[in-house]
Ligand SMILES: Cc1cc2nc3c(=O)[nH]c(=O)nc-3n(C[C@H](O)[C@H](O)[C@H](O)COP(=O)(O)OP(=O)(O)OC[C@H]3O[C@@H](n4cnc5c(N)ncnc54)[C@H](O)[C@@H]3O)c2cc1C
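One chain follows as structure tokens, the form predicted on its own.
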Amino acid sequence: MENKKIAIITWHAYNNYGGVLQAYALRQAVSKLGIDNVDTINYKSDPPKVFRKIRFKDLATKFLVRNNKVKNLVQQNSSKFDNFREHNFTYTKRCENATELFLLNDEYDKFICGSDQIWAPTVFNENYFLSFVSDDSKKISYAPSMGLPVIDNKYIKEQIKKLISKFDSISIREEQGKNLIKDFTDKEIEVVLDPTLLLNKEEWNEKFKLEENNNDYIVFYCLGGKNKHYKIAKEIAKILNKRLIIIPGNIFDYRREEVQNVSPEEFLKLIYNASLVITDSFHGTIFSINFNVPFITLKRFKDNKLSQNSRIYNILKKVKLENRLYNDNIKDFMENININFNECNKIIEEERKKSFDFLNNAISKDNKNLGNKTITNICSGCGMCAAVCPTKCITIKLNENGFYSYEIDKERCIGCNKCKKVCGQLSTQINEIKEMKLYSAYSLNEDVLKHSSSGGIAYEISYYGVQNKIPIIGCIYNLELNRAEHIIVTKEEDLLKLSGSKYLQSYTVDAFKEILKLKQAIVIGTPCQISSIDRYLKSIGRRNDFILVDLICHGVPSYNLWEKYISKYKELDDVKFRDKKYGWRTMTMSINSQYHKNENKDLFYDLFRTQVVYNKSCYECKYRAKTNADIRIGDYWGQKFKKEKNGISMVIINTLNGQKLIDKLINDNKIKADKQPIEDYFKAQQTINDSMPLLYNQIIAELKDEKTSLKEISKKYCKKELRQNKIKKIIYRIYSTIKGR
């Protein structure tokens, strides 16, 4: 097996001792099987968007992080974690999103997901179920935890069922987790040890030189931040006349005088040499067991359907140490402070062998090389694959969720891979915007400004094109088909069709096929669309013959939202997503000349602004702060032009051809443009992906349901979010004002 390459996806990047050490231990365990090439996938996910009330604890945490003393301690702690990772991990290339994970398929023989609570329904992320791996026979799960005793949401449950059914080898960390998923698959499910237990006490000591003579102290390591737990530790330390050392498990620990800001190695050393460990942490408990250190485990959660206590109950029961769970009686524990670990050690050794057997067998299995014909795992529906397909086996259709995506007729596919060569989702060469020039600009034609969403720059670029007999490929709203679509424009009188925003995913295939025939053109579209065209033109050596313009884009909502929204109209005569009747900065929807005054009172904008019904690719977008266009344009938001009523465009220049075109428009008195600092882009625009809602599939399902009204959906998922965002801003403003005095 020494020639196999293994990639592990787990929680390795958060500054949590248990998370980092289990990631390290799993890598070491796989290496012990004789495999030299074991990499951790360099991926860090953001938590999903959840809909809940503002909690005082969350706000207190944010405020505390702003405290200079606490901030410095946190930064010091973060540096220690970074140093540990740098010296103890080997990584894949950085993967920012699901499509970059997908590109790892050809580099590794097997993929392992695990351990920690990466399968917890409360933080569901399909990447941790190896959804990006195209060959199911390469998938192995090692000791992931579900975290909770139940999977409450039927939509998340269905997703998990679908994902787990594709695994070739399945193991899980707790018996409770096995019971949750045993009905999801007919494959055998093994219960295995947490990776930290795969390395014994001697191996941890040998690697990190843990043993010291001084053990005259008690370690307190709690993640819950409960003051009553701290008081228990103080009382026990006083009874035993021992020094109390706090390993920071939460932000509130940094306020306490006993805290020690330790690295992962120092964390191990403190536990290894402690006379007693008091913890509510799973890994605090695990390391105490593995190092044979007396410990007391406190309950971090109330025992309800949201409790994560089951993982601790499971391991204590397995090693027959249930009596180490604190029962609110300090006296009981003082009388039984020492533990006989003999039986516990025998059990761990037996379980360790079983766990290694599972891991070894799973990795040793031959891959089936299923030949899955997949272009990309996250399709943006740009349509360029269908445009270049020589056998026309690729079609772009609206899927059931209301998004354009590709379908392949596998019988007609000849495996030429032309589709992959033009797919913008697979692009790895993308230019950083921070290195580019930025302008504020607007059209000097008042009529153009009136019909444009912002400063009219797209119109002026298009006008330049038709005047010079260069075809324009841009987006219109098709009133007959009720969709956005790209068309070719060659006449001045048709240019106004392209004006204005269309906050929908556009159908592109017919127009993009024409690119294959054109000698030159100006193409305007979203960054993912433009990137695919860029890849195609570069592949045929024609990139400099075209001007590509991409739009600052937040994402595209489901057509199921749009169909629900317009269902009250018998027919549409006119649609304007951004009418300037009430000014440029007020996003006003106009349908059949009926004005929906602003986005704060509009159901379409409720869901659009809260970013809860976007295409999956929009939550994994790689173009927020990058572009392959010649020019990027959009609204110039921010304070600088707050009083401007007619519209100002933000213009970013990426190439010499883009600069020449903007200079030409300036010199011909078509536009007014002023150089601005590139930092304005990062202050005013969205440069980081918004998190996909935890209940995304549920929201999408309700959009498809004819019985569920938009008003109900908005009230359920948007109103609270919008209201609480306002409350947060007010609270932070008050806090900042008080702090500034």
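Bear in mind the structure is a predicted one, so any value in this text is a computation, not a measurement. Just count from 1 along the sequence shown to find any residue number.
Here the subject shifts to the form predicted together with this ligand, a form of this protein not shown in this document.
- In the model of the complex, at least one heavy atom of Gly500 sits within 4.5 Å of a heavy atom of this ligand.
- Using a 4.5 Å cutoff between non-hydrogen atoms, Pro294 does not count as a contact of this ligand in the model of the complex.
- Heavy atoms of Asp635 reach within 4.5 Å of this ligand in the model of the complex, making it an interface residue.
- Although the partner is absent here, Gly555 sits close enough that one of its heavy atoms falls within 4.5 Å of this ligand in the model of the complex.
- Screening Gly474, Gly284, Gly114, Gly177 for any heavy atom within 4.5 Å of this ligand in the model of the complex leaves a single hit, Gly474.
- In terms of contact with this ligand in the model of the complex, the residue from Asn628, Ser454, Thr279, Ser288 that brings a heavy atom within 4.5 Å is Ser454.
- Between 229-237, 446-454, 152-160, 245-253, the stretch whose residues reach within 4.5 angstroms of this ligand in the model of the complex through a non-hydrogen atom is 446-454.
- Proximity to this ligand in the model of the complex holds for none of Ala23, Gln28 and Ser171, with the criterion being a heavy atom within 4.5 Å.
- Residues of 503-524 that come within 4.5 Å of this ligand in the model of the complex, judged by any heavy atom, are Tyr503, Leu504, Ser506, Ile524 in sequence order.
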